[in-house]
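Next up is one chain by itself, shown in structure tokens, the form predicted alone.
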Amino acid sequence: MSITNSEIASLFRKLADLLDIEGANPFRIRAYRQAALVIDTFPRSIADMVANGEDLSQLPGIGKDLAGKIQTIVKTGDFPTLDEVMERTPPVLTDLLQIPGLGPRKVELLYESLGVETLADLETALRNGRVAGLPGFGPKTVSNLLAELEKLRLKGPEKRLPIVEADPIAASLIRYLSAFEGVIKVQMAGSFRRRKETVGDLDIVAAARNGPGMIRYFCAFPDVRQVELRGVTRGTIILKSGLHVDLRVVGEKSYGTTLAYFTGARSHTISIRKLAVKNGWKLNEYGLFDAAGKSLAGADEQGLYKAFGMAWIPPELREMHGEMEAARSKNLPDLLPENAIKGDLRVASSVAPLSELANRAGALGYEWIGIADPFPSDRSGRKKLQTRNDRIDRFNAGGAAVHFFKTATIEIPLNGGLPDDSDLLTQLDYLCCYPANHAGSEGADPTESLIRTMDQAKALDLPVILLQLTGRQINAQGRLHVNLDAMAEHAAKLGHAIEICEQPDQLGVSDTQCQRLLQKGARLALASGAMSPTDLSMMKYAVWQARRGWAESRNVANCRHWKEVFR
């Protein structure tokens, strides 16, 4: 199928917008806009004219240079001039240009002044009043932009993919690119490398001996729906799922700086660049250079941070939550390693028979598993839980390598506490308690009932793990308003713990909330929440989130031998 006039015009308009952001020659920008208008409204097919060998320079406003560019687009499907500009343009700017009312000048102002990195960043800046302080963004403009963002939300383009779902896609891409003959190094960057709970797209950085060849190979990825950009050092594809993937290919001497440049949150990267300017240096994705142009760093990230007198900062921490100061003082946390996990604190008994579950746990290097079922509300349920407890006791008595804990999940109603069933409660090794989160409780504060629950459990000598304290869900707002500081302080005082469990439809505490919990002395409990055998692998996402929250092994109950988990 030949390219349409409107598609050619769209490429010219996109080029004009990006050149406008760069502050290019206004006559050049105007020429591309005029050419787009002529092409879009021309009554004949431009592609047919090229096929017939007709002279496009005879069209109004189309000189020989533009005619040559149009011929290249029609014959090859590529637009090298646009590719070159896009390679030096942060991808986020093209995303912001899709918002009606945001022209190139305003996009540049948002990007440079406020560090707006995503559509979500834009909405936050609009709602907290930061945008209103910029020239050209009056109350009506702010209101209109919020309305346009709401329209986009209803259409679904801002839906972010849970990292649980993005992970296998990223792994598939890395396996594919690693098979390219000329590749030297290849790694995910962006929000995925920072292990954010959701990602809007995927960014990949590679070092290769044949950059253009690797870009062509990348664009031939089997799951591609559309190739959006195929340049010399950069390619952008849209997968069949609709997910955008961007690849940057550089030389080995620039790999570390490029990886850092496209990994850190926008605010983190800006902070690094300001340090370079302060020292009279120049920093870009190709390296760090002194005033004379001598390379100071580039091949690896460690060298880049060392040049600024800092320790290497793990990707998960590059969010401007205090990591720069900690890196300067060599006081960064020794982040929790995935292989430090000795057990899973919450797995449903329906996952598999205990013997099979023990084998699976052993294969993961676990020493123990917590079997969690809902606490019963009637006699038949009590009998069922008692039977389960007896079964676990018999299995543990057999001397298996994997120990099983007996636990139960209990919903704590507002203004409530533990069930009045101390005989059954005290048979358990610990409790998994979560606040009621029904529609009628929206905006309610379950803090008091949870503190009461922790006190009651302490009286029974039962450790508690607090679950689902925020009610957060992916692509939705949380409905609970719990006092996390009070929860953390009381849990730390009584020896209880707070869970991190990252499920596709349910998020635990955020990264910054996790930091606060640890600062208050709380202990973390990690769980897969497995409802099937394959769900046991979900533990790694809880580890990722704990790392984003600055957790170390000493902060996590899962890193202890089964006899010491709650000591």
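Take the two forms, superpose them, and find the largest set of C-alpha atoms that agree within 1.5 Å; that set is the rigid core. Note that the structure is a prediction, hence the values are computed from the model and not measured. From 1 onward, residues are counted along the sequence shown.
Beyond what is shown, the protein has a form predicted together with the DNA; the following relates to that form.
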{"item": "Contact flag, residue 496 vs the DNA in the predicted complex, heavy atom cut 4.5 Å", "value": "no"}
{"item": "Interface membership of residue 106, the DNA in the predicted complex, 4.5 Å heavy atom rule", "value": "yes"}
{"item": "Distance check, residue 65 to the DNA in the predicted complex, heavy atom within 4.5 Å", "value": "yes"}
{"item": "Contact of residue 210 with the DNA in the predicted complex (heavy atom, 4.5 Å)", "value": "no"}
{"item": "In the predicted complex, the one of 321, 481, 216, 282 near the DNA [non-hydrogen atom within 4.5 angstroms]", "value": "282"}
{"item": "Contact residue in the predicted complex, chosen from 126, 354, 99, 74 - any heavy atom within 4.5 Å of the DNA", "value": "99"}
{"item": "Proximity to the DNA in the predicted complex (heavy atom, within 4.5 Å), stretch among 223-231, 454-462, 414-422, 252-260", "value": "223-231"}
{"item": "Site check 28, 136 and 141: each within 4.5 Å of the DNA in the predicted complex by heavy atom", "value": "yes"}
{"item": "In the predicted complex: members of 262-281 within 4.5 Å of the DNA, any heavy atom", "value": "266, 270, 273, 274, 277, 278"}
{"item": "Cα displacement of residue 539 between this form and the one not shown reaching 2 Å, rigid core superposed", "value": "no"}
{"item": "Rigid core fit then residue 140 CA moved by 2 Å or more between this form and the one not shown", "value": "yes"}
{"item": "Displaced residue check between this form and the one not shown: residue 521, CA, 2 Å or over, core reference", "value": "no"}
{"item": "Comparison of CA distance in the predicted complex with shown form for residue 110, residue 236, at least 3 Å", "value": "farther"}
{"item": "Distance trend in the predicted complex - C-alpha atoms of residue 82 and residue 263, change of 3 Å or more", "value": "farther"}
